[in-house]
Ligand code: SR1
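The chain below stands alone, shown as structure tokens; this is the form predicted on its own.
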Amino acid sequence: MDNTYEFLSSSNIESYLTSRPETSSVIDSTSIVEIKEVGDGNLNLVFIVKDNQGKGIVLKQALPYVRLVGPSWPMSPDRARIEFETTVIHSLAAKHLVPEIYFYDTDRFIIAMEDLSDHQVWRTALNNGEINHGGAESVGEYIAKVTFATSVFGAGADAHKKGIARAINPEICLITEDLVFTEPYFPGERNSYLPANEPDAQAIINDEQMVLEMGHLKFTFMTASEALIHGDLHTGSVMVKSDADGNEISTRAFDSEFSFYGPIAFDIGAVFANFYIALARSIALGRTEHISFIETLPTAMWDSFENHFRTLWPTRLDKRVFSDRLLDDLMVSWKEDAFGFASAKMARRIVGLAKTSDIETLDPNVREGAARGVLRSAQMLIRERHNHLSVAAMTEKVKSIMQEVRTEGDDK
């Protein structure tokens, strides 16, 4: 593993940009007025750079280790190549839903991309109680268009197999396999939670059906190479820009370094999970109007995904046995698995490593009930996912559980 390359810093970024002539039309490297490090601290360095004309660029550099932990957890920076190539491929199917890429530095594992600082991270907006109409529909459109285009349906068998070989990402996939599907169900040193939630964490460990289902889902995640999925799609990897009335201007999915050829339902389930986690926060804080908004998001996203995928279906390359009835069966299967993957994502965000600010920024008294609601909802989803419920009906069950276990506190 190459860990000898120079890392970006506020002191060397100006000279770095000057050495990259392809950025001259994007930003004036001789008049930099602001350099801001905005990485979430988990994996990478991320800088927003602005010149005196207000033009900006984002530089993202992969480190040779997990930044959240440090050099004791080494990781290949080649994940930056995966993100670069995936974003370019996804842009062919949904250009308006991903950031523009300017270049990729193969020697220093740096991606230069569009500055989206006029957008908000959707998680932040939801945490603040904001309403962003249209975002869920755009996420559903993004999932449908990029997965259809990179599946055997849209790409054909030869291109699909070559794509799998190009995008193999075992080191990053192992993180998901361990943190999402395995560690929450066994007492482990990387797990953590409030002492008051110890019984809730123990309950999922003792839930034999849930553990069995996680085995099935993990196996699917590891073996179902259906399409080039984002791999870590959630409200923290979606940027939104809305007008004064909360109506969508722009939505972009970013941070696809966990991308690989995996199950289409995984990205859908991951977003379901984060909508439900956002719902837990709003219920904990008693935000009545926001609760009503958030509970519409899972259905809006699923309906958008299904409608866009069905619209693309007539263009599939092989119509011989890939029939309309097969698509109907796939939609049933994908929805069932999406609820299962949502369950896995919800449990790991409460019990496992790398949590979400939706829950973690709550006052502990309030957080206890919110965390309990997420975990109990995860247990419910695992059982009910086989019963062919609508997304709206499943969301109503989630909301009822979260309201039932809500705890009181001083948080406003």
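Since the model is a prediction, treat every value here as computed from it, not as a measurement. Each residue number is its position in the shown sequence, starting from 1.
Just so it is clear, the following notes concern the form predicted together with this ligand, a form of the same protein that is not shown.
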item: Partner-proximal stretch of 61-69, 361-369, 25-33, 382-390 relative to this ligand in the predicted bound form, 4.5 angstroms, heavy atom; value: 61-69
item: Complete contact of 145, 317 and 322 with this ligand in the predicted bound form (any heavy atom, 4.5 Å); value: no
item: Residue 354, heavy atom within 4.5 angstroms of this ligand in the predicted bound form; value: yes
item: Non-hydrogen atom contact residue 186 with this ligand in the predicted bound form at 4.5 angstroms; value: no
item: Interface membership of residue 105, this ligand in the predicted bound form, 4.5 Å heavy atom rule; value: no
item: Proximity of residue 201 to this ligand in the predicted bound form, heavy atoms at 4.5 Å; value: no
item: Of 232, 226, 137, 78, the one that lies within 4.5 Å of this ligand in the predicted bound form (heavy atoms); value: 232
item: The single option of 217, 175, 121, 155 touching this ligand in the predicted bound form, heavy atom within 4.5 Å; value: 175
item: Residues in 71-108 with any heavy atom within 4.5 Å of this ligand in the predicted bound form; value: 73
